[in-house]
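Take a look at this single chain, the form predicted alone, given in structure tokens.
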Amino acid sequence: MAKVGIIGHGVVGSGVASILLENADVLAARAGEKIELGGVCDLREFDVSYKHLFTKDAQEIYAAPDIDIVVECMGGKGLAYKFVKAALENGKHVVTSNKELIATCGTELEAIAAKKGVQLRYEASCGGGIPVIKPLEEDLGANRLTRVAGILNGTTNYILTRMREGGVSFETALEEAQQRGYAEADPSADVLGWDARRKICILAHVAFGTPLDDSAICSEGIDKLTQEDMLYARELGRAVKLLGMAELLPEGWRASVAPAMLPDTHPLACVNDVFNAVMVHGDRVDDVMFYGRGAGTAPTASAVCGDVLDIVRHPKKVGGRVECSELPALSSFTRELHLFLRVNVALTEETRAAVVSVFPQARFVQLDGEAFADEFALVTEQGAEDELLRRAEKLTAMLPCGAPIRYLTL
């Protein structure tokens, strides 16, 4: 029999406890042995059927001799880091959905796990209930993986979907997301791209062996996007998505998070509302896509319990990752692409000349209707991203421009 201790009885922790208790027969059949809830740590009190298992002292979970696996569901880096580190040092396997913890402290924690001969697993940190990490490690293990790209945040995807399909402003779409429980009262981690940055950091680590340090990844959010940007995208046959992307090249690796315009025919362009999707490119399978709900109590708890089940089945499991630690982290802005820019003045001979002086091969886009008489948009010629962004800043100094959006064809 394997015993599981949970630290944090919030949205995810309560979901994990529910699965362990209500699906105990399913887990036992698949594990070949019983998996039992051994304890729960939370400072709050809950009137649940298993309240006799509660403690307010985390040490009674991470140091208990009869607890085999510790599930951390607190979130953040402070106490979560302390408790996860202590659990590993006490020889416990650890499962977490804490993307911030893994993206900032994962290297240290994985080293402790390896030293102690235990596992640190975090399937739920990147896609909620979508299986991504284990398929990358095992099912695609024979491939040399060279690209991971995806829609990694359901909140921002919902907002962008409402802006495109509902014709509402960013502010209105964000308010709707908060009312539906998709966005926090402080939505900064979502709308500024921090959540997606942590996830692409973890996915790049799993796929390529890059360092777990999301501070090295450039990120932009969706807070500067407008309803008008969506209308131009529709005119161009494109959809705007907050895209996390990581690539492995012969000379190094790079990763970024930024709004991007994708062709309507691209599989990622069709991912709407709160759904997430991750597309992986391998040298033997070409492109493979994983799709589903990226957050929520039940999907995330499902992924956590999947990790628990795998540990019980294979407690001595070992295996390394393809390491590219010797390869440098490249600038995220050296890839070849186009930029989309919206200009908030009428298209006259003078403004056209100003644009052409910066982007000689620009493609001009105008929308019909009186409301769009005093503005236009453009798609730049192809070039290195950093150079195009520098030139976009130059144009912005000459004309009032909106935020640049990457115009990609993956």
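Quick note: we count residues from 1 along the sequence shown, nothing fancier. Between two forms, the rigid core is the largest collection of C-alphas that superpose within 1.5 Å. Computed from a predicted model, the values in this text were never measured in an experiment.
Note that the form predicted together with a small molecule isn't included here; everything after this is about it.
Stretch-level contact check against the small molecule in the predicted bound form with heavy atoms at 4.5 Å: of 69-77, 237-245, 152-160, 112-120, the positive one is 152-160.
This chain appears without its partner; in the predicted bound form, the one residue of 312, 268, 295, 86 with a heavy atom within 4.5 Å of the small molecule is 295. Only one of 170, 182, 81, 194 comes within 4.5 Å of the small molecule in the predicted bound form through a heavy atom, and that residue is 182. Contact with the small molecule in the predicted bound form holds for all three of 99, 190 and 199, each having a heavy atom within 4.5 Å.
Once both forms are fitted on their core, a CA shift of 2 Å or more is seen for residue 187 between the shown form and the other one.
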